[in-house]
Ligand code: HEM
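In the form predicted on its own, a lone chain appears below as structure tokens.
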């Protein structure tokens, strides 16, 4: 499944037919607005991509991606929607990753204290090396602590859900997910409970602060659940100013600068300015990690709930059997590694619901790109774009790709498919390095996601969910428990 790229001037006897990239950007301004209206209003995201793929009979084509004019002047991209073309976006010898983290625009630096934080840097930049080294060091030092703090935090949430069900008949998974996700991350890295009293305490508002601070940065490419006309005339047409969420950013920044003294001191030893390090730590914890978990965990619960109680009982049985075989009273990294069904379920959730659905990169030079069916000439400076949910549903790689199959990644044949799971700006079988843009915390994210499923079914045999709310759901899906059936031992 490796991407095949060759220099545009090179020759190859086995090259697929060279074709002109289909698609159009339309007339200036109006073509971009039309595509944006299709994307958000008239078609919806999946139909937007699928209809053009069918029209052009190609998984590679030209299109405008939101947000677009008047406030975002250049929305033109080349979409890559198959497993063969998409991985070029990971190849930093061919694409530049500078200022493309959120797409064809970059939010104001005011959101990050005036600094271009790590996700917006290309590996060729010196600050990228220093800041990614800082991230690697933080993860290495705090990995075991994050593991244990997650178990503690979700244990607190179990009590909240059970109490809510006893008192009111339903319990919001989504609301409490924001609480335990934020708490375990900051306890694990800052070494201070956000809820604990103190001069910079966040109380129970940490997750809310992080979500509100993140929202304007993603609003140009997301639906906030507002009426369509309001979103079109405001957040999808013009960047939102930082001043709207300064009161959300300030408390988190103060918490980090007050309590994360050890981490910030180590950043200074690497030659990183203390405020630069604090803003990167804020972004890493509040945007990357918290934001990702806050999207992904509800999707995991929704997918498992959609399969039904038989899968839930299998998961609960696997967790119980592994713990009994290892003689452990609680889940460890070692016992987690023996839970193959838990692992397969998590990979299938990443395949169906990659928490970062988009990837971007600007061509550094002319080259030839190959899809499954044809080759295309890419010119230096063109923006390449990939929509990962389509790529990880490629029918030439995955059988029955639209169906959630919890056992898809079991056994030797299933394990071969893991390399075709993309969510972290790289293959699942690749590793983040200083020279690439793969998520520094990729392995930790997978481990914590597996731990989430294991902890859930170590306590519960099954659960039931309220129907998914109709209409716009905003940036995250609301998930509500209507029942939680405990395992006999709990």
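If you're wondering where the values come from, they're calculated on a predicted model, not measured in any experiment. Numbering follows the first chain given and starts at 1.
Omitted from view is the form predicted in complex with the ligand, to which the following refers.
Candidate from 216, 119, 386, 406 lying within 4.5 Å of the ligand in the model of the complex - any heavy atom: Only one option qualifies, and that one is 119.
Listed residue (249, 296, 105, 390) with a non-hydrogen atom within 4.5 angstroms of the ligand in the model of the complex: Selected option: 296.
Candidate stretches 396-404, 129-137, 260-268, 337-345, one within 4.5 Å of the ligand in the model of the complex by heavy atom: It is the stretch 129-137.
The ligand contact in the model of the complex: residue 72, any heavy atom under 4.5 Å: Answer no; every heavy atom of residue 72 is more than 4.5 Å from the ligand in the model of the complex.
Interface membership of residue 97, the ligand in the model of the complex, 4.5 Å heavy atom rule: Within the cut-off, so yes.
Any non-hydrogen atom of residue 359 within 4.5 angstroms of the ligand in the model of the complex: Heavy-atom contact with the ligand at 4.5 Å: present for residue 359.
Contact of residue 43 with the ligand in the model of the complex (heavy atom, 4.5 Å): So residue 43 does not count as contacting the ligand.
Within 4.5 Å of the ligand in the model of the complex: residues from 407-424 (heavy atom criterion): Residues within 4.5 Å: 423, 424.
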